[in-house]
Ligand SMILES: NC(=O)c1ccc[n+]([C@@H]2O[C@H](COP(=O)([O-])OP(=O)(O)OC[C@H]3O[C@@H](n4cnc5c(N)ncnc54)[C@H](OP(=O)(O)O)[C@@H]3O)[C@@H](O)[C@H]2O)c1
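In the form predicted on its own, a lone chain appears below as structure tokens.
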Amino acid sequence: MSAADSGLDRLLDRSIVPGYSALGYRLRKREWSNDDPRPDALAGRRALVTGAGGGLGEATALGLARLGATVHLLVRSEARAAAAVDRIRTTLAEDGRTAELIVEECDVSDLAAVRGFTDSFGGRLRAMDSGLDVLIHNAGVLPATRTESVDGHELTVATHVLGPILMTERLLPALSASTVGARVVLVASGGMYTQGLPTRDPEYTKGEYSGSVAYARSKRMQVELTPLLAERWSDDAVSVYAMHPGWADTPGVADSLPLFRTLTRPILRSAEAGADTAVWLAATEPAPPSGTFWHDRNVRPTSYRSATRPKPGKVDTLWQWVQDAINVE
């Protein structure tokens, strides 16, 4: 029985706590014995992972490197990546492997920085006659109080929506140069199930601000925009996915949600377990259907309640706001 056909899988998904925890991952993993990407599935391919200085980003970079990819680790400052690179190299060496790891610097919430980075990175890839095969948008923030990016956008939406979409738009030439069909993965959150699409106030200027609500709202945006982006980028042979990692024990959770971590730490999954589906989406063959939302290697519903399901036209309204904010047609 495959994970997609399993009644247990569906039960875990709807029960939240077991499904998002380490228990859910362990139970589902039993059904994946024939579903792992082949060894060296990404040999000769190039990947870029944002927010790769620790936690899920570091685990994702490790997973891609294990499969043979050249991995670019994008961080806000190079110093943040040094320890992560050392840990990845040490882990690979224990497995008798090596990998090419390249540190990149960019604040994803800063749109001018994104433009500068994509100009430089795209130029380097062209000089090497190389495409970009995998782009994983993992960088994330969860501010305690309402904070604005240097461009004046609410920080979670700048980091999770505007920066990643602008980066992908500007890297389309490199992605379309992939000889195997590029894949883009947006790392969302199961918390988005609690929120509807905030088309009337995407910048969260009204009401009492909550960092966790802002985070969930921006992740809802990612998930709802994924089918639209898949269609938009299909002519460039780019597949797009959103996924959520479940509840993983990462430095970000410890810093931003200390009470949640204290209460749930015994059941939190490891960062590698949380990153598993992002790595799998990047490497499994054939490529999964583009425009879909995933958790633990299975397509998931984007809403379980009608209250959080966007009404007709709302996604287009949000997309128009995004286009205006990042100045793309």
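This structure is a prediction, so every number in the text was calculated from the model and none was measured. Each residue number is its position in the shown sequence, starting from 1.
The protein also exists as the form predicted together with the named molecule; that form is not presented, and the subsequent description refers to it.
Trainee: Tell me, yes or no, whether residue 182 is in contact with the named molecule in the model of the complex, where a contact means a heavy atom of each within 4.5 Å.
Mentor: Residue 182: no, not in contact with the named molecule in the model of the complex.
Trainee: Quick one: is residue 165 in contact with the named molecule in the model of the complex, heavy atoms, 4.5 Å cut-off?
Mentor: Residue-level check for residue 165: no, no contact with the named molecule.
Trainee: Does at least one non-hydrogen atom of residue 226 fall within 4.5 angstroms of the named molecule in the model of the complex?
Mentor: Output for residue 226 is no: heavy atoms all beyond 4.5 Å of the named molecule.
Trainee: Give a yes or no for residue 220: in the model of the complex, does one of its heavy atoms lie within 4.5 Å of a heavy atom belonging to the named molecule?
Mentor: Although the named molecule is absent here, residue 220 would stay clear of it in the model of the complex, with no heavy atoms inside 4.5 Å.
Trainee: Given that the named molecule is left out here, which of 101, 141, 174, 230 has a heavy atom within 4.5 Å of it in the model of the complex?
Mentor: By the 4.5 Å criterion, the partner-contacting residue is 141.
Trainee: I need to confirm a contact call. Of 76, 124, 115, 89, which residue comes within 4.5 Å of the named molecule in the model of the complex, counting heavy atoms only?
Mentor: Looking at 76, 124, 115, 89 one by one, just 76 meets the 4.5 Å heavy-atom criterion.
Trainee: Any chance 54, 189 and 252 all have a heavy atom within 4.5 Å of the named molecule in the model of the complex?
Mentor: The answer is yes; 54, 189 and 252 each reach the named molecule.
Trainee: Look at the stretches 212 to 220, 91 to 99, 127 to 135, 193 to 201 and give the one with heavy atoms within 4.5 Å of the named molecule in the model of the complex.
Mentor: Every other range fails; the passing one is 212 to 220.
Trainee: Would you give me the residues of 93 to 126 that have any heavy atom within 4.5 Å of the named molecule in the model of the complex, in order from first to last?
Mentor: Stretch hits, in order: 106, 107, 108, 109.
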